[in-house]
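Both blocks below hold the same protein chain, though in two forms, and each is given as structure tokens: structure 1 and structure 2.
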Structure 1
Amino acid sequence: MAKQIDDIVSLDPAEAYELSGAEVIGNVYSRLIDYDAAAPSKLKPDLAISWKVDADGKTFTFVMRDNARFETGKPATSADAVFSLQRAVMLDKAPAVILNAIGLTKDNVAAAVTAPDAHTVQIKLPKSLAPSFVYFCLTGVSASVVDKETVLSHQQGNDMGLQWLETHWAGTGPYRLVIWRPNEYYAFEANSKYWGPKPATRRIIVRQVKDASTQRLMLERGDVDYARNLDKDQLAALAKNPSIKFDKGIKSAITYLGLNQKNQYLAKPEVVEALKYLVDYDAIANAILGATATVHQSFEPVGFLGAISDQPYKFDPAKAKELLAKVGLAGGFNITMDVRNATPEPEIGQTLQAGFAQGGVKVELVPGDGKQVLTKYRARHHDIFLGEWEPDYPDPHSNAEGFIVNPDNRDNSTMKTPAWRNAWSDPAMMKAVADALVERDDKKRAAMYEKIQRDFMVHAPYVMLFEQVEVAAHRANVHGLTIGVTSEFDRYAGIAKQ
């Protein structure tokens, strides 16, 4: 498989937070519960065969299977699961935010996550939360179960085995990690100790191929079976090749514009609404993104609990001009837009610039390296930010929190959600998000998110644009890659070669 894997910085589930790293961990580790790739809002058993929540909505109990073993032959027990969750919280690396979200902190995790017996894991949360929210958080990378004994045998100082596990493996997934050579490749072998169905392919090597054109050549030549990072033109060209087929999956990455409310023009609701009418959504989707994205105007990704697919905004410069005239901006105004200098963002930026110009809004594009643009965004020094956002876990609260929750709008706030970055704080919407987070009835909870999304479309200072579609091109005699909504759910176990 040819793929860009140079973003991997660690393969420790308590530390890895990059897309490619999450994909590796999803395949070589198990969690207590997993999500169903076919229906992201459903759960399925993994190391736990059953689970329940008590009437108080705070105590969650998981009963683990007794046939899961680590490579050493030692059974995977509740002690390992408890250690793994506690470790992820105590190490406090980036993925810890997911477990922090359900109320587990360095101070309470030792008492909150316990093992009453060898096969039972109990999590007592400090406050009642929607059970679906808690479960979905536990499907994330940071809840992966590691072999306590092996990891601790490599402990250095107080690192809980971090330095060792960054480049090694101690899990129970369908595959075992044979090797990871940074910036070169990683290799999997079917895990002979895996309790579930054996993967269809015994050995999988994923090779770093940065250049997409090179990936295409290698695929056509048959030197790789999968090419994962092809752009829309390459995909269109390959569609004519009978020996190439495609696996597709909608991803949860949302492309959007963040409109900084510190800017005098963008702070006007009419301007925000006008900009939503100045985007030629279909033109960008068809001409620039092709098969790799779909127009999406809601902040929740398709398939998430309560996600909606409404598309109330169309390209309508006349309507936009009308709205701008209402606030005395009939002649338009000047504004800057920060874009990453990596395809396709500059192309999207230019099309947005042309569309905005039709309403008199003169956009100056400010290109920059991804991390440079992000640093500026996190300092709230932008006017308009063009970027992507991915949820941390497949629950609607992840994006709702990101895009809406901003309890402290001061410059030195520690909570730097996109809402804060765009200096937007709406108490009514924040209350709606807080209410949905504790709703225990899934149907009611879904309805609450539907309403939040519709209100958001009208009031929020964002222009939601597209949702990513991953298209993995493969040789016709190979198939079976599962593309999940987030990278940890990209699974290799079904890949088979005829």
Structure 2
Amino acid sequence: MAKQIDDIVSLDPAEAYELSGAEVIGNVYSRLIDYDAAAPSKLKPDLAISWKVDADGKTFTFVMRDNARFETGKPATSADAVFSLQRAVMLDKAPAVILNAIGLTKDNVAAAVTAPDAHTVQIKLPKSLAPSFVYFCLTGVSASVVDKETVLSHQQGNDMGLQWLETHWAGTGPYRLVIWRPNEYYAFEANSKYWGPKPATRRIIVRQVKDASTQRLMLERGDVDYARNLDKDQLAALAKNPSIKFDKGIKSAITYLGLNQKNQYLAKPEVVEALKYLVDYDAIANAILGATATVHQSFEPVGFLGAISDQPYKFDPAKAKELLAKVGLAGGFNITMDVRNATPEPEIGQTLQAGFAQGGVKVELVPGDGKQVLTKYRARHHDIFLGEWEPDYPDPHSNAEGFIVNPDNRDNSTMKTPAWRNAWSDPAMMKAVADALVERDDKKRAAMYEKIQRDFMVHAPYVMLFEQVEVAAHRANVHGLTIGVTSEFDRYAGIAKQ
């Protein structure tokens, strides 16, 4: 498989928070519960064979299967599941925000997550939440179950095995991680201890191939069986080749611009609005993205509870100039935009650059690999960030929290959501998100998220651009890749080669 995987920073489920890393973890680890990739609103068993919530909405109980084993042959028990959840919270890396969202903290996780016996996991939350929200949080990467004994045997100091697990594996998924070499490749082998259906292919190698045209050439020559990051032109050309087929799936990944409120220009609401009118959405979608994306101007993905399809912004330089003139910027200003140097982001960046110029906004594109761009963004050192955001679970709170919730805007905050990264904090919008989180009536909850999105369009310092449609090109003698709504549900176990 040829794919852009240069964004991987770690393969520890308690630390990995990048799209490619999530895909790896989804294939090599199990969680208590999973969701159906074809119907993301439906839960299904994973390590837990049953689950329930008490009437108070606070106490959740999971009964684990007794036939799951780690590579060492040791059974996967409730002690491993409890350790994994507690570990993710205690390490307090980026993915911990998912478990923090259901009320688990460093102070309470030891008492809140317990194992009454070897097959039972009990989670007692500090307050009642919508049960579906809690369950979907537990399908995320940070809830992956690791082998407690193996991980602690590699502990250095008090790191709970973090340094070792960044590049190693200790899970129960259908595949085992053989090796990961950053910016080069990773390799899987079928996990002989896996309790479920055995993977159709024994070994899968995923290579870092940044250039789309190179991916296409390798696919046509038969050097790879799958090409995962082809652009509009590559896909159109391959459609004429009878030896190439395509898998397609709507992804929940949203392409957007993050506008750092530390910048004196971007902190002006009129400038933020003006930039929304300087994007030629349709031109980018048609000329650059083609079948790989659709214009999407709200933060909730299609199919999520309360998602809307409003598109209030169109390319209108005259309107943008009026807005800039209102704040004394009729002559425009200079700004930088960080862009990952992998197709199609440079092409999108150049088109944005040209559109912004029509309003007098002079953009300097700053390219970098995935890790460089993300590291800079996470440190709040950007002006404008062009990138993607993918929810951690198929519940509207995931994106609402990411793009809106920022209770501590100081540089040393521990909750580093996109809202924090862009130094934006709006108490009224955060309250609306909090209210929607505890509403147990789905119809009322959907209406609340609809309003939040429309308020977000007016007030938030982002330009929401597109929703991804993943198109995976493959040789005709290969089939079976599952394309999920989130990266951790891009599953390899069904891939078969004839």
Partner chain sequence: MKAASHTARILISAVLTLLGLLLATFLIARVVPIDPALAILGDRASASSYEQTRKELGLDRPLYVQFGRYVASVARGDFGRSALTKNPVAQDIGRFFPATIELATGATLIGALLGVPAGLYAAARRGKVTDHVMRALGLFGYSVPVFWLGMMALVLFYADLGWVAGPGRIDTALEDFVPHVTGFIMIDAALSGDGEAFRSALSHLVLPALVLGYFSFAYISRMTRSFMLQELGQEYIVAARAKGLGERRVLWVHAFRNVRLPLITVIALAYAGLLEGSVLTETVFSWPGIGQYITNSLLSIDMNAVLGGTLVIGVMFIAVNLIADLLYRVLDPRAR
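Computed from a predicted model, the values in this text were never measured in an experiment. Residue 1 is the first residue of structure 1, and the numbers go on in sequence order from there. Superpose the two forms; the largest set of C-alphas matching within 1.5 Å is the rigid core.
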Structure number, where the criterion is the form predicted together with its partner chain: 1
Residue 457 C-alpha moves between the two structures by 2 Å or more, core aligned: yes
So that I can tell if residue 429 moves, could you say whether its C-alpha shifts by at least 2 Å between the two structures after the core superposition? yes
Please state how many degrees the smaller rigid part turns against the larger between the two structures. 25
Please give the CA displacement of residue 354 between the two structures, in Å, after core superposition. 9.5
Check the Cα of residue 308 between the two structures on a core superposition and give its shift in Å. 5.2
